[in-house]
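In the structure tokens that follow, the same protein chain appears in two forms, which are kept apart as structure 1 and structure 2.
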Structure 1
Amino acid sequence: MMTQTAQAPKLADDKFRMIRDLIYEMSGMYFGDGKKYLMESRLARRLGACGLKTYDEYYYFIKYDPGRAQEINRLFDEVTINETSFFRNPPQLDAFAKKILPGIVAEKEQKNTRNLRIWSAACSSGEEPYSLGIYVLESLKFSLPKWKVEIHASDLSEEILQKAKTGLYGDNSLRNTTPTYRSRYFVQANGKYAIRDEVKQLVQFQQINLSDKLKMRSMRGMDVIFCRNVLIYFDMESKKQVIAHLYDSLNPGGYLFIGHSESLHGVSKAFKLVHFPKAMVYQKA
């Protein structure tokens, strides 16, 4: 890391802002001023790979070059964290577990309609939907038998879904997991952690491409949807379509989570933006 930073050409503040703004325009992903040094080393690698010398050249390349699409995807892969984990981005999960879920549960208790439908729409190897399952168990506790809980989890990749269904994880996946939750919801064997059945049985996996209109239309009546860190892979038109589908999948008053540094500004006006501590969530009106 040290050497890489040392070799990276210096990224001036104004160039950083230019590229940051362009990335935001293209993907809705925002990099704050504090991310400048991280960006410098990551961009330097892309510069090298493209055989370009200055950040200016790189900027014009990703903005105007006819073959830019491929490079843009590589850039996004470079500057984002592709790796998922349990309890990724704690403030978002706090908003879900401490504010949103109790609200939904109380409302449904009152209406006497004890069902919960949650969807993790780009679930990768399963850490996200299982984390949500753990929170549902923590929240419902002994009243769980009175509830019908469905956590739907989907991804584009069949391969990763197989891994998710296995439910076996290494230390790295559990880096945000407290000792209490480790012992309560995992069985440890041979240096691996297996998610316990009580969590596993809440989650049902299926393959869904977010661009697949037919499958998307089959997902209905969701209380909460997580669609985090995947929208950057879509261009504006397809993103609008995906978001419109997710909107239709939600119950009135339901919530949509996207990646913590992502934004739907300019993508959809249908949702109401709700601020929670360190987390912005979209609510279906």
Structure 2
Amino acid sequence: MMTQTAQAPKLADDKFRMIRDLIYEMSGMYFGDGKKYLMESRLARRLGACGLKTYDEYYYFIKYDPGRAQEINRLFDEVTINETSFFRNPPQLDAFAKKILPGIVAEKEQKNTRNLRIWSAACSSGEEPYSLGIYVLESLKFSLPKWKVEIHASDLSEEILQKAKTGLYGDNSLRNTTPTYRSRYFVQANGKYAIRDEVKQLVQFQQINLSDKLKMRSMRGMDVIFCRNVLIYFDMESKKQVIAHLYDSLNPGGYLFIGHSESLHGVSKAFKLVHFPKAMVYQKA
């Protein structure tokens, strides 16, 4: 097997576009010509890992080989950034924990409909949905047994989902976690932090490609959706399709969180922009 980068052939423009377009076809993620430098080293790693000599061979492998599914997952892991942590972007989570979640809970208590559905639509290694689970436990406290709580967590990569299901994390993942939450919701063992079962049992993981219309249609009745730092991977047409599906997934009045540097300007006019301290959230009218 060749070494990952030393013997890898140079990624020609036409080969880059060929593989780039296949990634787009499979996932909706689009990488412009300016991303070729980023893709070259990552594709070279996959070429080496598969023991292939040319990018043509790699292209035909991921397009036609009967055993390509696992490699496609590994390819998606390479070309996306799975950098995350618990309680990432505090202003957005403060808006969720202090304003939005209490409001939803109070409204449902009034209506005597104690069901809560939240979707972390790009959950990576699980820090986001588990963070949301902690906030739900903090909010509902002793009334939790009266509620049906579902936190759905999905990602494109099956490999990263397997990591999320373990619920094991290092110090870096907990860098934004208060000492109180560390002691209350984690068990420390062998230099790792394990999320407690009371949080884990709230979260259901599944693989969902956001460009998969059939799977997206199966996600309905959500009160809140987090889909942060994902739109950057899509072109305008794919963004519109994904956001339209997320809109349909929300209950009337439901909330959509996207990355703090992302915007729905030019993508959708179906949402109302709601302002919170240092955070903006989209609401289904």
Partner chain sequence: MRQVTKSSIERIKDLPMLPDIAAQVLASVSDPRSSMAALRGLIERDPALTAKLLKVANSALFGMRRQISTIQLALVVLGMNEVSSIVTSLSVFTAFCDMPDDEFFDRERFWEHSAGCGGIARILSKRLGLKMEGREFVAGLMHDVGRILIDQYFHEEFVEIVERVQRGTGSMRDAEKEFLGASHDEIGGWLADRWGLPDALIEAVACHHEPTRAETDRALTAVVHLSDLLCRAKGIGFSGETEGFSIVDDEAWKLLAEDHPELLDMDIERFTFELDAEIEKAMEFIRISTNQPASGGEEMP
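Please note that residue numbering is based on structure 1, beginning with 1 at the start of its sequence. For clarity, a rigid core is taken as the largest C-alpha set superposing within 1.5 Å between two forms. It should be emphasised that the depicted structure is a prediction, and the values quoted were computed from it without experimental measurement.
Report task. Eyeball the pair and call it: which is the form predicted alone? Result -> Only structure 2 fits here, because that chain is the form predicted alone.
Query raised in the report: K108: with the rigid core matched between the two structures, does its Cα shift 2 Å or more?
Result: Not so; K108 is displaced by less than 2 Å.
Report task. Superpose on the rigid core, then tell me if the C-alpha of Y24 is displaced by 2 angstroms or more between the two structures. Result -> Yes, its C-alpha moves 2 Å or more.
Query raised in the report: If we fit on the core, is the Cα of K163 displaced 2 Å or more between the two structures?
Result: After core superposition, the C-alpha of K163 moves less than 2 Å between the two structures.
Query raised in the report: So, with the core fitted, how far does R45 move at its Cα between the two structures, in angstrom?
Result: So the C-alpha of R45 has moved 19.3 Å between the two structures.
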